[in-house]
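Take a look at this single chain, the form predicted alone, given in structure tokens.
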Amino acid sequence: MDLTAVIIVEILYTIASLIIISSGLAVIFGMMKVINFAHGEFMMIGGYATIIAVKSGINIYVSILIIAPLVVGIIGVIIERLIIRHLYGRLVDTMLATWGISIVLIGLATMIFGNTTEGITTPISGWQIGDYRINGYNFFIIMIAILIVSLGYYLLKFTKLGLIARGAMQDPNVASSLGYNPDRIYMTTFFIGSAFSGMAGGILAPLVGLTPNWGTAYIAKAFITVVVGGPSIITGLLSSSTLFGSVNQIFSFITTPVWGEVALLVTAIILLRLLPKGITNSIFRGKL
């Protein structure tokens, strides 16, 4: 019974982690069709912003949930205004541009912080479940993932802002004729996506040793999760994260974490072969 509870918590934690690290990319790619190869570096900046803020005496939760998203969101807007906005509709060009941005950000972080590993301690101690001990911070990550999905669904489904954003992404000319500025909507969307990426880095900062190239470890998983999820932002993110998180943890418990990663990759390859347009374009068509 204790082992079952631990396995369930670990599966939920893995699902939540995938949701968190992929949410920023899901917003930018899902709504703007911009492949942001600098997503991992945005996470890295969020992690460093959190560490610097905490070491400066700021509350860790304020650092994670406010400072990290705000810092990365502002950086994202600057990049969007200077570079990305000139490349909308040119997929290959945005890929090359964001790849170049990622290299520049890694170089700048290396110049500022060096190649040393930075880190902070988790704010929540572990919990004992029978003979097993679970990191209490895992529950915080699960709660944040639930909040991201719930808030994203509410904003896109029930608010005027979400309706305008979805309309502008589908047909900017119609949105412009109704008096809305698509350029400003794109900027706001990129800010939100960047802020989610920064928050993801801040959330993961207490769990890992942070280095300038740390974000590259997560970019592949984020892309796989978003692409397999398909065009529907919320449903796609939730369905692919649930599938991959469950597969990863089940195989990790049965075998080893290495085989868990292999199982995740194999599952992604099979799904992309069977459902090349993503889960939500084939199964949950029309869902948000």
Partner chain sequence: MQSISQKRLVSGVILALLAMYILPNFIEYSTLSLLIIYAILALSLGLIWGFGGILCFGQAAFFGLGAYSYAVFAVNIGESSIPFILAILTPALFALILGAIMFYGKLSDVYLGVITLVVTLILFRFANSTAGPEYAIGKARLGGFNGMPNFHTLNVPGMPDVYIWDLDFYYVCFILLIICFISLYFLIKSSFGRICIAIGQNEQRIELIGYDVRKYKTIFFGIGGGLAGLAGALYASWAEIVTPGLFSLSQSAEIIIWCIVGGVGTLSGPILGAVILGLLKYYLGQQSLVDNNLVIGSILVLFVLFLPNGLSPALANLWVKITVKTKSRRPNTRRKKVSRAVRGIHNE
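A quick note: this is a predicted structure, and the numbers were derived from the prediction, not measured. Numbering follows the first chain given and starts at 1.
There is another form of the same protein, the form predicted in complex with its partner chain; it is not shown, and what comes next is about it.
Residue stretch of 179 to 187, 198 to 206, 86 to 94, 127 to 135 approaching its partner chain in the predicted complex, non-hydrogen atom distance within 4.5 Å: It is the stretch 86 to 94.
Contact label in the predicted complex: residue 110 to its partner chain, heavy atom within 4.5 Å: Answer yes; at least one heavy atom of residue 110 falls within 4.5 Å of its partner chain in the predicted complex.
Interface membership of residue 100, its partner chain in the predicted complex, 4.5 Å heavy atom rule: Yes, residue 100 lies within 4.5 Å of its partner chain in the predicted complex.
Heavy atom of residue 254 within 4.5 Å of its partner chain in the predicted complex: The answer is no: residue 254 has no heavy atom within 4.5 Å of its partner chain.
Its partner chain contact in the predicted complex: residue 144, any heavy atom under 4.5 Å: Because no heavy atom of residue 144 falls inside 4.5 Å of its partner chain in the predicted complex, the answer is no.
Every residue of 20, 74 and 192 near its partner chain in the predicted complex, heavy atom within 4.5 Å: No.
Heavy atom within 4.5 Å of its partner chain in the predicted complex - the one residue of 66, 52, 250, 262 that qualifies: It is 262 that has a heavy atom within 4.5 Å of the partner.
In the predicted complex, the one of 227, 32, 238, 60 near its partner chain [non-hydrogen atom within 4.5 angstroms]: By the 4.5 Å heavy-atom cutoff, the listed residue in contact is 227.
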